[in-house]
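Before any questions on how it binds or moves, here is one chain, the form predicted on its own, in structure tokens.
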């Protein structure tokens, strides 16, 4: 169990709503749909209403300093079936990188590889007390798009399982390009914090409002969004 999962959830009942895609930049088709994730014909672009409202506010804050820039939504609400699919996919990538098969793994080695996966991916738990953040409709993975419509380089791709995913990875770099990566990550954080989100400690792209992680990071005793089946 991760520390934030000890936070109590008092579900507020706020609806999950479809994101108006014309207001943001998005990848189409959705990256996980391309991999075969089981969305069962539903749009992958949903959030809780209050989370969506704050995301729109964050984009307004962004455009105050960077006119015509937009937030690009990479991922939002994630059904448990999709969470399970992506966790298994991430594990297969780790195996591939190691040049191994499951049959070659000792129990200890297999456990170590799963721990590597769970540094980025939440366990696809069906326990209502420990929902994956994205399965609450309160978490969103995002980056930025510039005025020319180009995705801004943040120094590492979303979902990368490496130290570069750490938000402050480039903070102390003397390389001017890497300092620019850090400044862009800071810009993303600044607009999202202003809209009352919190950022995942280990992922520059992951922000949430109202879920257990948000409550834990903002020192609140209760989360308002639980898992949605």
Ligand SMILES: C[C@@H](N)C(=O)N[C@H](C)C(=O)O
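Everything numeric in this text was worked out from a predicted model, so none of it was measured. Residue numbers count along the first chain shown, from 1.
What comes next is about the form predicted in complex with the ligand, which does not appear here.
The partner is absent here; in the predicted complex, the one residue of 113, 154, 73, 122 having a heavy atom within 4.5 Å of the ligand is 122. Proximity of residue 200 to the ligand in the predicted complex: non-hydrogen atoms within 4.5 Å are present. None of the heavy atoms of residue 136 is located within 4.5 Å of the ligand in the predicted complex. Using a 4.5 angstroms threshold between heavy atoms, residue 205 counts as touching the ligand in the predicted complex. Using a 4.5 Å cutoff between non-hydrogen atoms, residue 170 does not count as a contact of the ligand in the predicted complex.
Annotation: in the predicted complex, residues 143, 183 and 190 none come within 4.5 Å of the ligand through any heavy atom.
This chain is displayed without the ligand, yet in the predicted complex the stretch 75-83 from 75-83, 104-112, 143-151, 91-99 comes within 4.5 Å of it by heavy atoms.
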